[in-house]
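Consider the single chain below, provided in structure tokens and representing the form predicted on its own.
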Amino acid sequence: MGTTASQLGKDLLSEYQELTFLTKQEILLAHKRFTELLNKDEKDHTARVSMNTILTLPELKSNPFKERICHVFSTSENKDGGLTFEDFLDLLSAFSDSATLEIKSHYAFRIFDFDDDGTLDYGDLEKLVNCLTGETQDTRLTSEEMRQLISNILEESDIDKDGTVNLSEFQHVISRSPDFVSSFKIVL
């Protein structure tokens, strides 16, 4: 553990603590797990781990939104979902127990906004439902069930009645969901 702390450096470790919702121990564990994913010749904090490698982490492997999570937190110019250590820390910080409702709901909204247009429209909601129910014949909703469910979601959430859910409307719905903060988490 001492070698991991010295690899990060005390100043960098302190900076990461200030900029995230993570404790020193959580940052050190994240660094250890991240460096285990790197190739042997890529041990600096600017190295990027591919999305496919990140998705081998048990904490993400079974998450139905795993690819979207990587894309939302990736700063890769290639839009390939690869993560640097700082991207990885941002991800863990947003999903930590200490992150605020506002932070968690902001990132949840971005994850659910599949087309990255700043709103949750019919297509986003359909993909969201399919991710949650699974896309097998046994679990997939019929088109009528999907239409009715999305209609109900929009009726409940779309305050300005424009046919989409914006971030403010999403946060309003989430604020009435007491289980959201405790269920929106990833723990290493």
Partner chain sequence: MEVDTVFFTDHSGRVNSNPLLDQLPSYQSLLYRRKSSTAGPKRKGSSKARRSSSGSGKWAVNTVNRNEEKQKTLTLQRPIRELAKSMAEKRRNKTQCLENDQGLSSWRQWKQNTGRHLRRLRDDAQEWLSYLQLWRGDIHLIEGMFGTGILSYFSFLRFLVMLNLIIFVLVFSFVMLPIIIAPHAGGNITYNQNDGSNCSVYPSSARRGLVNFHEHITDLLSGGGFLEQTYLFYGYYKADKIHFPWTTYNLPLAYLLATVAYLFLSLVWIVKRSATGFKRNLIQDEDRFQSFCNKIFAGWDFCITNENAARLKRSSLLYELKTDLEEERIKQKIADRTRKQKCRIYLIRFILNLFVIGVLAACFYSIYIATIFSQEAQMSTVKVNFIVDLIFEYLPSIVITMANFITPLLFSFIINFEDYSPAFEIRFTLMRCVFMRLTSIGVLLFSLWSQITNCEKGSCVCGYNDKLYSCWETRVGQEMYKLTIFDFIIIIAVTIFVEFPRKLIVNYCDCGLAKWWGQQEFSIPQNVLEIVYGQTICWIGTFYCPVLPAICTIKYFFIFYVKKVSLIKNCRPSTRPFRASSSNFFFLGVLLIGLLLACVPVTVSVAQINSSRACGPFVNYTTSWEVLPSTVSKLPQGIKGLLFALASEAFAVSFFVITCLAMFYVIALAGAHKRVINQLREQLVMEGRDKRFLIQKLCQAQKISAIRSPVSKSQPRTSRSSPSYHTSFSNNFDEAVFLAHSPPDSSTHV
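Residue numbers count along the first chain shown, from 1. Keep in mind that what you see is a predicted model, and the values were worked out from it rather than measured.
Although not depicted, the form predicted in complex with its partner chain is the subject of the following passage.
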query	finding
4.5 Å heavy atom contact, L132 and its partner chain in the predicted bound form	yes
Contact label in the predicted bound form: N152 to its partner chain, heavy atom within 4.5 Å	yes
4.5 Å heavy atom contact, S62 to its partner chain in the predicted bound form	yes
L125, heavy atom within 4.5 angstroms of its partner chain in the predicted bound form	yes
In the predicted bound form, residues of 157 to 171 near its partner chain [heavy atom within 4.5 Å]	S157, I159, D160, K161, D162, L167, F170, Q171
